[in-house]
Ligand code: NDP
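Next up: a single chain in structure tokens, the form predicted alone.
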Amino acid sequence: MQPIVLITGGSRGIGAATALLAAQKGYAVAVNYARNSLAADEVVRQIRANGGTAITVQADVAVESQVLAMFDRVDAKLGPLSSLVNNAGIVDVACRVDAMAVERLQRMFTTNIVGSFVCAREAVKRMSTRYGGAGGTIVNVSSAAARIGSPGQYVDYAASKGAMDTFTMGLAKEVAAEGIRVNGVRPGIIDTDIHASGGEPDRAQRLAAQVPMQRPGTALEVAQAIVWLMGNESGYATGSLVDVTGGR
């Protein structure tokens, strides 16, 4: 039976690269997006043009009712979920903690953490042998910021990713005997357009000198780690955090 993966934030950057690579590896792909339907449609078009199976699923992961509707659509259109990639996340403009508004913090943690918890909850209900499922995998996309802290820039984002790491390790142990493996990937400085959403479109190139490999990573390089953790090749890995940082 064809494995099925749901990728949140799958319309651009690391999510889109993961969707395209997973399709090449034989997965049917549900490409989630919050607002940019055109970008999601283009990812699906590319997958289908290469003979793959893919659908778009709209949902803001910060809104529980939309997450529930998204999982229902995947169930109806593709079938039983095999893998979840919790990739959807936001960053804000560079800011010190002493200038951060509560609204910013609530938005950051609701999207990056609460959204990931709710998506994982729904995935576990479908995958776990406890509920009659066949098992599966969850890959959480964290960040090297979780261990660096991002002072003077994005301490809130870094803290949300630190929470993602703890969530990954805890959930992995909770469902390990139920056929579900849970792992995390921590990208470093990756050349995607998330930097533009934080007001610094040239950030990846500007910070390249801080990376031991002297270059930013690519979305595909992160996607390769994610798809490896989704598949049987990583069958004894759970609760692991894989850094894809160029040595940073």
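Position 1 is the first residue in the sequence shown; the rest follow in order. On a predicted model such as this, the values are computed, not experimentally measured, just so you know.
Separately, the form predicted together with this ligand exists; it is not shown, and the next lines address it.
Visitor: Does G52 make contact with this ligand in the predicted bound form, using a 4.5 Å heavy atom cut-off?
Guide: Residue-level check for G52: no, no contact with this ligand.
Visitor: Tell me, yes or no, whether R206 is in contact with this ligand in the predicted bound form, where a contact means a heavy atom of each within 4.5 Å.
Guide: R206 lies outside the contact set for this ligand.
Visitor: So, in the predicted bound form, is M230 in contact with this ligand at a 4.5 angstroms heavy atom limit?
Guide: So M230 does not count as contacting this ligand.
Visitor: Would V141 sit within 4.5 Å of this ligand in the predicted bound form, counting heavy atoms only?
Guide: Yes, V141 lies within 4.5 Å of this ligand in the predicted bound form.
Visitor: Exactly one of V44, A223, I189, I180 has a non-hydrogen atom within 4.5 Å of this ligand in the predicted bound form; which residue is it?
Guide: Spelling it out, the residue with a heavy atom inside the cut-off is I189.
Visitor: Give me the residue from A159, V175, L81, I90 that has a heavy atom within 4.5 Å of this ligand in the predicted bound form.
Guide: Only one option qualifies, and that one is I90.
Visitor: Each of G10, A59 and T111 having a non-hydrogen atom within 4.5 Å of this ligand in the predicted bound form: is that the case here?
Guide: Heavy-atom distance to this ligand in the predicted bound form: all three under 4.5 Å.
Visitor: For the chain seen here without its partner, which of 22-30, 44-52, 207-215, 180-188 has a heavy atom within 4.5 Å of this ligand in the predicted bound form?
Guide: Selected range: 180-188.
Visitor: At 4.5 Å, heavy atom to heavy atom, what parts of 28-45 sit next to this ligand in the predicted bound form? List them in sequence order, or say none.
Guide: Heavy-atom contacts within 4.5 Å come from N32, Y33, A34, R35, N36.
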